[in-house]
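In structure tokens, the next block holds one chain alone, the form predicted on its own.
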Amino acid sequence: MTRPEPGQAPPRIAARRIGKSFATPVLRDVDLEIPAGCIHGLVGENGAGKSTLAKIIVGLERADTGSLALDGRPYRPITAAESRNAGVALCAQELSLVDDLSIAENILLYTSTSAFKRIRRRSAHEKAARALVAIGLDAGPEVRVSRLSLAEKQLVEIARALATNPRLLVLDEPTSALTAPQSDRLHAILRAEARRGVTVIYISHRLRDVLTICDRVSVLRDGQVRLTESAGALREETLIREMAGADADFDAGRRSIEGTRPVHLRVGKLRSAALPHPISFDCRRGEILGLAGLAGSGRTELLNAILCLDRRTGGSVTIRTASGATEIRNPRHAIRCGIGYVAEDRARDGIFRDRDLAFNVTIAGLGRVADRTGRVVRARETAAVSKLTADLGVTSTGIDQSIRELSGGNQQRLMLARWLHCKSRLLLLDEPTRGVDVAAKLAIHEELVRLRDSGVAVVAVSLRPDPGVVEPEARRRVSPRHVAPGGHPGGGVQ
């Protein structure tokens, strides 16, 4: 690692021989220097150590070995509050907002606006309003965070970090839930922050975004920095090769769909409080039906209404089972009828953070690994979970490992494994590849195509295509706003 020349400003952040292990080594002798005013990309496959390094920099984890320096001075944060006081802010992949508080109160958590222990509400609202305008979120500071979409929550998280006026900003998957215009606005803000001297560490699986916004890029593989280079000298193919450690064929290929299969899911004139206009469509056996739309278009709300997570105000949802067409009455009934659901916000609506992999995979279908008395048979559980994690390429130390210790991409694959364990014949997938790396996206796509070819029906919601990855062959793509009111998909079908 190079040292600054005499008279030269020290790097904003310098990591020297950082090492960290949990059950196995996660980071191995990581060296990294980033100057002031630089937007530095950090990429790697799921489990490469990116998020762990970010947590060490902001005081959420302690390194086992090595040291950090901030502007040339020793930097050893042991809490997130210490790092914020030093001018270091984090936007984590898993959001840390308090749903029961307002936007202004969430921003207030990190920026004190109190005098004599009394909160200056007007000052807090004014500061929050300025932050929201800057980030491009059209919501009042008094709005409760629980009423926001995932994309809007992500913008609040970013606004909260920017409101602390950091000199080092760490962003972990900042655009995973954002639309293209929202991402472009964020990138413009980051460029402006960099021009005034703020250093940005930008962690993302969206390689095109990384090469567009970043000045330099480092690749982590197996817990080590394998490459650091100017973004202008790199291509997506180079990053993928360095991330994977070998040349890989990421082309899923074109697949033809033969014949017409029977309707498996029929949605008729469905309405809810969030869907005032009736929506109708069919999904056939062995078909992947894509639902596309911007944030706020009703994509997630439509899936919630199908599964009865949101109360319906009209219409019906029927699914074909062995006993004939059955109308879905509630979520428990939906699962019994073979419907599986992977939510967009896996941290809040998907995983059980304090439980192990086995629990998270089998919880919806415990009867499949239990004996006649209802007691879980450990051998059955181990065999079932081990096969699913191997088939989906989940990286872990074993089925007893806590799911919170896994990367976001591995957690996402386990959510799919849960419903494969249940032998679900209809999958409702809300952003199934959110926050996963290129290879993992392809693995999920390949698994969905395999399920489709075996007769499983899939309804998949996507905000936008992932650049550089071939998507599964959806026979139809439908935009909720273009579904014919009261009828079947019209102009939105491609």
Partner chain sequence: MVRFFAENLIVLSLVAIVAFFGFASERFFSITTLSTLLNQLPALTVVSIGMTLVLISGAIDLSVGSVLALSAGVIGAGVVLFGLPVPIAALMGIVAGALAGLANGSLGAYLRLPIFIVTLGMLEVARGLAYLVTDSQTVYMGAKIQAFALPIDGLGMSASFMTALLLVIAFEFLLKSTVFGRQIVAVGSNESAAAVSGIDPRHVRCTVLIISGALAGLGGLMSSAYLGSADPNAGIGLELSAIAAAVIGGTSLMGGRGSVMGAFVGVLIVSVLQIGLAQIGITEPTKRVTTGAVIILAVILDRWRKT
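From a predicted model like this one, the values you see are computed outputs, not experimental measurements. Numbering follows the first chain given and starts at 1.
Omitted from view is the form predicted in complex with its partner chain, to which the following refers.
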property: Site check Lys127, His187 and Arg196: each within 4.5 Å of its partner chain in the model of the complex by heavy atom; result: no
property: Proximity of Arg418 to its partner chain in the model of the complex, heavy atoms at 4.5 Å; result: yes
property: Pro331 within 4.5 Å of its partner chain in the model of the complex, heavy atoms; result: yes
property: Exercise: Ala383 in contact with its partner chain in the model of the complex, heavy atom 4.5 Å; result: no
property: Its partner chain contact at Gly374 in the model of the complex, heavy atom, 4.5 Å; result: yes
property: Arg73, Arg208, Arg378, Arg76 - the one with a heavy atom within 4.5 Å of its partner chain in the model of the complex; result: Arg378
property: Of Leu227, Leu101, Ala80, Ala370, the one that lies within 4.5 Å of its partner chain in the model of the complex (heavy atoms); result: Ala370
property: Which of 355-363, 311-319, 197-205, 215-223 sits within 4.5 Å of its partner chain in the model of the complex, heavy atom basis; result: 355-363
property: Partner contacts for 335-352, taking its partner chain in the model of the complex and a 4.5 Å heavy atom cut-off; result: Ile335, Tyr341, Ala347, Arg348, Asp349, Gly350, Ile351, Phe352
property: Closer or farther in the model of the complex: C-alpha pair Tyr341, Gly47 (3 angstroms or more); result: closer
property: Note on Glu344-Gly47 C-alpha separation in the model of the complex, which departs from the shown form by 3 angstroms or more; result: closer
